[in-house]
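Just one chain is shown here, as structure tokens, and it is the form predicted on its own.
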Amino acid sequence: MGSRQITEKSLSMLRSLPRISLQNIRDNPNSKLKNKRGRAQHGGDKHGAGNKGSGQRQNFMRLGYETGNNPFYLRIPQEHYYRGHHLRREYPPLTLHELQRIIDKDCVDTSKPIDIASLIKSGFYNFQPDLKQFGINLTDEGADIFAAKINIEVQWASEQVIAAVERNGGVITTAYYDPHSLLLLKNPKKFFESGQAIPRRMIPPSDLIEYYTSAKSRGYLADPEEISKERLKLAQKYGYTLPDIEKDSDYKMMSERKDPRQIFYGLEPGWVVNLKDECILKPKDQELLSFFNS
């Protein structure tokens, strides 16, 4: 077959075949091998750990943590289980049973008024003011065996606790301390070594004024005459004879109370305690005296 014939045959074949386009172009058979399906978008190169984030770095989130800016209990406006949780005050408990045990071990001097400083010094009670813990909550566990006659100052107490203390001829007072004052009471030596003047105790916030001015709760801002009436009412309610503390030999100690601005027993605001020279420096300037007076 001559070259002319081959050319004619090729041209006739091209006339009968469809035109070449992207639709009819195909690869040669087996020219491409189809890969297996990968894992997610990265084809299985993350080994099941995901794409970035704490899970891939083995830095797992704490239990209950929710990503985003708004947790569940704040995202649902109808449920307010934890509203204001960051503002709530804590009062680490101290039972009457534990208090009786501390007294029986002579770790606390009952011939003097007992406050939070003396209980911390005993080594049987501790609290953390920087974690919004505001002092002692005296609980009624062991109220039936409590037999000590004391003058104690706490930050929170129930009616049963007050009755258990007063039944034995004791006196109980609930008093508020601001966080700075609590830090001083927790470690007085460290504060005295700094050489600073003893500050004034702050007044209670608005939501605690009612509690600390109430005679029923034996608040330190309550009227003493109203407290005497409530002592008698509580004795009648619980059926015990109220001892007459005015005829008690320890009446002077039992009637001793701090000034609303005072932090330590026997130390006034504005005084400077010098531990090195074992002396107390008292202000004489009239402006300082008027400032530190309650």
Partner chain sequence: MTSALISAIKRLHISVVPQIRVFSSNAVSVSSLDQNTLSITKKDWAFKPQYTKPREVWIENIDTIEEQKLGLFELHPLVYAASPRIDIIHQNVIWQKKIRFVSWAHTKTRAEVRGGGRKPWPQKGLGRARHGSIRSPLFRGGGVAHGPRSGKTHFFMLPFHLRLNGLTTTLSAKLAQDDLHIVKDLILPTDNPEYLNDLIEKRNWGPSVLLVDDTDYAPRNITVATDSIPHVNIIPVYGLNVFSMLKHDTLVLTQAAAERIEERLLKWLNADTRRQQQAYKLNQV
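Positions refer to the first chain, counted from 1. Computed from a predicted model, the values in this text were never measured in an experiment. Just so we're on the same page, rigid core means the largest C-alpha set that superposes within 1.5 Å between forms.
The form predicted in complex with the partner chain is left out here; the points below concern that form.
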| item | value |
| --- | --- |
| Proximity of D27 to the partner chain in the predicted complex, heavy atoms at 4.5 Å | yes |
| Contact test in the predicted complex: G123 vs the partner chain, heavy atoms, 4.5 Å | yes |
| Close approach of Q128 to the partner chain in the predicted complex, 4.5 Å, heavy atom | no |
| Sequence-ordered list of residues in 11-30 near the partner chain in the predicted complex, where near means a heavy atom within 4.5 Å | L11, L14, R15, L17, P18, R19, I20, S21, L22, I25, R26, D27, N28 |
| Core-aligned C-alpha movement of E287 between this form and the one not shown reaching 2 Å | no |
| Core fit, then L275 C-alpha moves 2 Å or more between this form and the one not shown | no |
| Threshold 2 Å Cα movement between this form and the one not shown for D27, core superposed | yes |
